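Look below for two forms of one protein chain, each set out as C-alpha cells: first structure 1, then structure 2.
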Structure 1
Amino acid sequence: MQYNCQIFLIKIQKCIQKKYTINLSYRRKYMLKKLFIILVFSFTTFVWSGSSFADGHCQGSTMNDGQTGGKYPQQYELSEYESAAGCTMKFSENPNIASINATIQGNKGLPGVADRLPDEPLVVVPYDSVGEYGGTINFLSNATEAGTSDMLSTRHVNLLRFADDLSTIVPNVAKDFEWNSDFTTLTFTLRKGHKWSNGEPFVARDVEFWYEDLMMNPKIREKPYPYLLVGGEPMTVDVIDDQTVRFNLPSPFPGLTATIAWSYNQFFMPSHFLEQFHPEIDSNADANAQALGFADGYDALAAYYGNSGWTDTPTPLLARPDLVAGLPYAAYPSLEAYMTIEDTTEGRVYAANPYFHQVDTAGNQLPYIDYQNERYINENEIRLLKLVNGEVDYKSQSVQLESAPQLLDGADAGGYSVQINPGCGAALFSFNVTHPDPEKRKVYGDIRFRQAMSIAMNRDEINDVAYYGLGKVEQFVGFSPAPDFVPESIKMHMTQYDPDGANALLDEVGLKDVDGDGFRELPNGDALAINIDYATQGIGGVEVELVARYFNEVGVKTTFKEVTPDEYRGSQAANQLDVHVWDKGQPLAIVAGNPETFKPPFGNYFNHTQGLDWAAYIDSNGSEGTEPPQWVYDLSDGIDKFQSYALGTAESNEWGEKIATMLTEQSLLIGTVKAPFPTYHRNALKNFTQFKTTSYEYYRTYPYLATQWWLDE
C-alpha cells in the first residue's frame, strides 16, 4: 500500500514540476479518492481467489472449486455458508418467475424472492457451475402411473435425502433432525418461513396431518403402509411448535430416517388446504367439497391426494377435468421443485415452484429450469428412437442394457452421453423350497442340491453372452450392492464354475440316472424335470437359456418357457413354480427398514416367494403350512436384531454380516451376474454428475440434486 502511495506522490510531484497550477485542497481530495480506489482494488485482488467479497455478496462456488459442504456434504444452511465463504448472500430469482407463476392455477401475485424463500434456505453447492435460468426439460415416461418415478424423482423432496455417496442421510425440507439415544424419538426442525407453492406457511402441523389424518385414517388408507409402522405398530406425531415436530416410535427403529430419505412418500401434506375437506376435522367438509362439485369430503381428498403416498396419481386435471375450472387449485399445493400444470393421458407439464426452498451458492433460487415436459410413450423401440434423436434430456428408467450399443452409437450425432452404471438388483434363481410335490420339495429343500445348481452355472459365460461382458459376477447376499461388512468370500460364495463338483453333490443328494437316458431321476425313481417359467420383465431370455443348458449339462433335465408377467405371477401365487426367476435387490438403506428378503417367503408378490408354505406356517401360528427349519427362525431373528441398530454402528455391521452369511450359505437366492444399466442425458444438461447406481433404490435422481440441473442452449 505504501508503495502505491509513493508512486502516486511521485506522479503529483511530476505534475507540479510541469508547472500545472494545482490547488492544494483539490490535490488532497483527489489523492484521497485515488487512495480509496487503490485500497479497494488491492483488497479485491487479495480475496478474489475465495470468490467472495468480505463485505460483498456471495458469488457462488461449486463442488469443482472444492466447496464440498458444511455439516452435511454438498449443502449448507444459509448462515453456515455465509460464515464459511465469508460473504453475505443476496437472493435472486428466475427472470421468468412471474409468467411461470401465472401458469399455476390458484397462485396469486408474487412477493419478492427473499420473502418467498424460508428465513434459512437450503444452500446447495452445484456440481460444476452456477446455472442459468430458463428452458424446458424433456422427459419420457411409459404411461399415467407407469414408469414415471424416474421423472418424478427430479422434482421430489422429502424431509431427508441420501447424499450422492448413497450412505449419508442429509436434511432437505427439514433444517435438521435428531434421534434420542435409543432411537425411539426422532425430532425434526423445520425451516422458519418455509412456504407451500401457493405461498401459505409450511408448519409442523402439516407433518402431523399427513401421518395421523391421512396415512393412519382407515377411510383414506384402509391399511397403513408397512414402512410407516414400527414392528407393526403405528407411531405418534407430536407438534412441539410450528418449526418442531417429533415422531414417537413404539420400539427402536433407526431405519426410519433411511425410509424417509428414499421413500417416494412425502412426509407432509398441505393441511391448510386439505383439512377443509376432511370430515373428521372440519364439520363443513362435505358442504365445502360439494360446493366445488365433489360428491363429499372424502371424494375431494381422493381427487386431490389420490389416497396414496404416490405423487404420480392423477391430479384433478386428469381425473376431474369437468371440475377443474371451478377449483381453487388444479393440484394440491406442494413443496416440490415443480408444480403440475397439465395432466393428460399423453403426458404432463410442470412449472417451477416459485416458493422452492433451495438456493445455489450465489443466492439464485432453484430450480434453474422453467418447465418440465413429460410425454408418455409405451413402446420401447419408439422411446429408443426418441433418445437416439436427442429429443429427451434425461432418462434411465426402462432403458435396457440391450439398447446400450445403439445409444452409444448415436451419442455424438444426438448430442448426448450415456453412463453405464451398476443397478441395485440382479436376476436371481431361487428353488421352490416349499414345492407342493413332496419329493421335489425334499430335493429343492436339500442345501446340497441348491449348492450344486449354483456351481453348475458358468457365470463368466453368462456375463459375456447376456451382458456384453459389462456385468459383474456376484453372489446374492441379501443386500445389493453388497456393503463393506460382507466378506469377499461370502460375496463370491458358490460362484465358481465346477460341473464336476455339482455332479458329485447331486449324486450325494440321491439324484441318479436310473434309466440311463442321460438325465437324473428323483430319489423315488420318478422323472425329474424342471421347468423355468420366466417373463422378460424379470430376466432376459438369453440368461435363462444359458442356465437351463448348464442344468442339463449336470444331468438335471430343464426346459424353459417365456410367459407373460401375469401368468408368471399367477403360477407363483398358486405355488406352482419349480424355480422363481426375477430381478431382485435391495441396498442397505432399504433393508434397514424392510425385512422381506430375510423372512419367508423371502420376497414379495412381484419377485420371489419360494417359501410360501413356511410363511403360511409362521403367519398362522402353525395351523397352516409347513414348519420351516431352525435356520429360518434364526435368520428372521437376525434381521430384527439388525434393524434395531443404527446403520454404520459396530452392532449393526456385526448383525449385517451374520444375516448376510446365513442367507448366502443357504444358497436360497442364487445370484449370477449383476447387470449394469444405461443412464442417458443430453450434453446440454449441465451439473449432471456421475451416478453411483442406475436404480429405483435411493429414489433414482434424488441423491444427485436434479434441482441444480440447467440447460445450456
Structure 2
Amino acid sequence: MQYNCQIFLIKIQKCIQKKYTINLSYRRKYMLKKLFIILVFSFTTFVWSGSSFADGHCQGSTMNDGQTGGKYPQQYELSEYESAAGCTMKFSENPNIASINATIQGNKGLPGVADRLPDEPLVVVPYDSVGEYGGTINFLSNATEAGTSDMLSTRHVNLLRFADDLSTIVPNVAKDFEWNSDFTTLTFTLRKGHKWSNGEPFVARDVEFWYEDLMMNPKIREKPYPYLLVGGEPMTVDVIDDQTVRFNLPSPFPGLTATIAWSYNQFFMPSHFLEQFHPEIDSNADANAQALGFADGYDALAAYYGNSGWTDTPTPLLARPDLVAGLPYAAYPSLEAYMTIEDTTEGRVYAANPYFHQVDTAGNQLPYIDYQNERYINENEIRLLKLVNGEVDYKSQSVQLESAPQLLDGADAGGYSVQINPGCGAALFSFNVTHPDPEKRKVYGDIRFRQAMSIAMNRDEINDVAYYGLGKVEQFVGFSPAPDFVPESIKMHMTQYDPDGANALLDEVGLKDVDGDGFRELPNGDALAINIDYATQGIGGVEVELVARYFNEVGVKTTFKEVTPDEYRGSQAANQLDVHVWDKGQPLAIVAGNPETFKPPFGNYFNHTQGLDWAAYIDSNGSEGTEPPQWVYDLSDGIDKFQSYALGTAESNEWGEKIATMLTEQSLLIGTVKAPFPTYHRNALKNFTQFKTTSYEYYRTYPYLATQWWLDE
C-alpha cells in the first residue's frame, strides 16, 4: 500500500515543473509541493498482521506470522525459543563464510558454525522473511568521520539496545541485566562461549578493561564522557566471573541502561589484544608496539582504538598504511556484525563477522549480507543524484526534507522507497557565548541579544518554505520531543515572530546603526558581522538562508556559507564559530542517562559546543577558561538531581520541569521547527521496516535489526 501511494504521489509531483527557489513573496507556487509532501507524510504508515506461531518446528517464523518474541520483543534466548517452538535448533552458516573470513586480516581458519556461536546465541525474529545469504550492501557517507552513523548503526552492537518500539530496553551482547532496588548496582550476565571476531573468548574482563583502563584513564582520554559519570563521579566495574560483570554507581542512576542502549560507545573492548599495548598493564607494552612499527604503546592504542572511544576512528589501514603489512589485524577484534577489511580516503569495506552472536528463527547465523561497501561523497547534490539513480541501498543521515520531492519523483525509475518519518529533534541555532573575540563574547553572552535573535525568526515561514508545513514550531527545551511535564509556555518560549521587539532588545544591548548603512555596530563602534557556517549533514540550506535573512532584517549583518562536516567540526572544536547550527534531539530516555545538554559545553563535537571556555574553567577548577554565570552551576546540579530518579516519578518530573525551564529561559539553544525527515532504501533490501523516527537518537537503524536485512537480487 505504501509504495503504491508513493507512485500516485510521484505523478502529482511530476506536475510541478518549475524549479524550487527561495522567494518568500511567491509562496503560492509552493502549495502543490506542500500538499504533495503532506500526502506522503500521511500515507507513510506501516501495517502488518501475522499468523499464530507455528509450534513444533524451527522452520523460521517471522513477525509477519504474528511472532513477537519471548521475554523481550522480537527476540529469544536459544533455550527460550526451543521451549516455545518445541524443537531443537540446527545452525546453518553463510556458504561464503570461508572466503569472507579470508579477507579479515589475521583471522585463522574457521571451526564449524555451532562452535563459533555462543552456547546461547540471540535468536532474532525477522520482520518479513527468513533471508538469503550473499551480496554487498552499498552506503554513502560524507567523509571518514562525517555522515557515517547510518552505516555504523547497521553493524553496531552493545550490551543492550532499544527495541523498535523505542521504549523497551532489551539485551543484545548481554544475555540479561538486572538492577538492584535503588539503581546503584547494575549486573550483566554475558553469553557463555561468546567470541570476538578472531575467535578469542569475550569475557567480563573486556567490560572492565574498557571502563577502568581506557575510558577513565586520563593518559588515554583526558576527560570522561559525561554519561560515563554519575553526578560527576566515576563508577567502578567488578568482574564477578567470566560471564558476570557489575557496575557499581556512587548514587542512583537509572538512566545508565538507556545510555548503553543508544550510545555508539560500546561498553567493552578486546582486552586480549589491546592490553599488550597498554603501558600501565603490560611492562613490555612499548616494546610490543615498537616491534610492529609504532612509536610506543600509546601510539599503538591510538592507531587501533583512537584514544577517544569514537567507534569511527580510522583503522591502521588508513591511519598508518606504512605499517599495515606487519600488523596482526587491520582493525582490533570486534563483536559487531561486520569487520573492517579496507579503509582508504575514498571509503571503507566491511566483511561479515564469522563469529557474530545472532541467528534467525531457522538457525541461520546473521548477518545475511556478505559485505558492506561505504563510499565518501561530500557534495550534497552528487549524493542526491546517486540516491535518485538507485546506486545506494540505504540512506538517512544528511538527507533533509527539502530533498524529498526530488527523491520521491525518482523512486519508481530508481527502484527505491522513501519514508517520511518524524524526527526526534530540530535544527538549533546557538550563539558562541565563549567566543574568542571579547566584544562578540559580551554580545553573545547577553541574554537580551539571544532573545532578540530568537524572536527575529519567522518560524511559521520556515515551516512553510523549508518544511512544507509539516513541522511544528517549538522551542528547544533540553528534551526533544518535549515531555508532558514541560509547560506549554516553556515549549513556546520566545518563539513568537516579533521583529519590533527584537529591534528594541538589540537597542538595549547597545547595538546601534552608527554609520547609517542599515546594519548595527558593536557597542565599541566596531562592525558586527556574523557568519553562519553550516553543513547539510546537520541542517538544510533553505532554513539557514531564511534565518540569515531574518537577522539581516533586524540590522545584524549575517552571511552564510556551506562547508563540509569536517570543516564545521574543526571550526567548532577551535571555538571559532559565531553560531552553531545543527540538528539536535534529546528524547527523555536519552537525557536520563546523558547530561551533556545541561552541562557546559552543552553538547559534543557532533552538534553544539558553544560553552567551551566555561567547560574548561569548571574542568580545571578555575585555572583555565572563563568563569560561567551562576545559572550554569544551577543547571548542572539540576540535571544531576533529575538523573538520580526513575523516569515517571514525581521527583523526576519536578526536576525535569526545573531544568527545562532554566535552560530554555536562557535562550542558549534556540529551536525553530521540529520537522520530519526522509529515510531512503532500495526495494531490493528486504526486512526493512517502517522507522518510528528518522534521527540519530536511538542510534538510527540499531532498534530495527539491520543484521536481518538481505538483498533480493
Partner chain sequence: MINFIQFTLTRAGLAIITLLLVCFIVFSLMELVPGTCAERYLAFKNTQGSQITYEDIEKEKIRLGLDKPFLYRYGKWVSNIVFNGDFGDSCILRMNINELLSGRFMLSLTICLVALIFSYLIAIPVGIISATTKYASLDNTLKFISYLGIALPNFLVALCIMLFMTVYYGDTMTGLFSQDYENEPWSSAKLFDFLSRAWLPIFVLGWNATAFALQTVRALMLDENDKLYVMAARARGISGMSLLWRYPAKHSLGPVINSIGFDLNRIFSALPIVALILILTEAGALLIEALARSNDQQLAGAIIFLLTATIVFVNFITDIILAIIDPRIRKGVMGGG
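All residue numbers here refer to structure 1's sequence, counted from 1. Take the two forms, superpose them, and find the largest set of C-alpha atoms that agree within 1.5 Å; that set is the rigid core. Keep in mind that this is a model prediction, so the values were computed, not measured.
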query	finding
Correct structure when looking for the form predicted alone	2
Angle through which the smaller rigid unit swings between structure 1 and structure 2, given in whole degrees	28
Per-residue CA shift, Asp464 (Å; core superposed between structure 1 and structure 2)	3.6
Value in Å for the CA shift of Ala527 between structure 1 and structure 2, taken after the core is superposed	17.2
